[in-house]
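First comes one chain, alone, set out as structure tokens in the form predicted on its own.
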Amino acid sequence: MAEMKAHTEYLTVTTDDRYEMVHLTPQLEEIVRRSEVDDGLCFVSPMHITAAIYVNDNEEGLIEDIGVWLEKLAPRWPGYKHHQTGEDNGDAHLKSLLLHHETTLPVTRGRLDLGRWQRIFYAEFDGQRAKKIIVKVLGIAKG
């Protein structure tokens, strides 16, 4: 009978800038390898409400386009009601809503089962300090 397995790791990301897209695919591939899960799912979620996880192409022009698009939809602006609490990150909360807060990825034969151009990114909108990401790999253990 196949054994079910759960594996949890945490990544810590510290960005140099307030807004930054961090490519996570290599780190996630390594976590899946260490998990010894052969067939299952890899769940990735930032443990912060001003960040997101998304899957897209690792192409600099597209990454820049995403940033421009987010800034048009949720610009940095002093008039957000959230700022009345003493915070200055209202736009960061809105930007995180526009991208996926978390993602679940397939694991097949012990590896992330991604499409040819799919890569996983951590999107930080209120950075310049350490933030945690939880990664859970669940599934059937390698035989």
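Numbers for residues come from their place in the sequence shown, where the first is 1. Since the model is a prediction, treat every value here as computed from it, not as a measurement.
Separately, the form predicted in complex with a further copy of the same chain exists; it is not shown, and the next lines address it.
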query: Close approach of Arg76 to a further copy of the same chain in the predicted complex, 4.5 Å, heavy atom; finding: no
query: Contact of Arg33 with a further copy of the same chain in the predicted complex (heavy atom, 4.5 Å); finding: no
query: Heavy atom of Glu102 within 4.5 Å of a further copy of the same chain in the predicted complex; finding: yes
query: Touches a further copy of the same chain in the predicted complex: Asp65 (any heavy atom, 4.5 Å); finding: yes
query: Residues in 51 to 69 close to a further copy of the same chain in the predicted complex, defined by a heavy atom within 4.5 Å, in order; finding: Ile53, Tyr54, Val55, Asn56, Asp57, Glu59, Gly61, Leu62, Glu64, Asp65, Ile66, Trp69
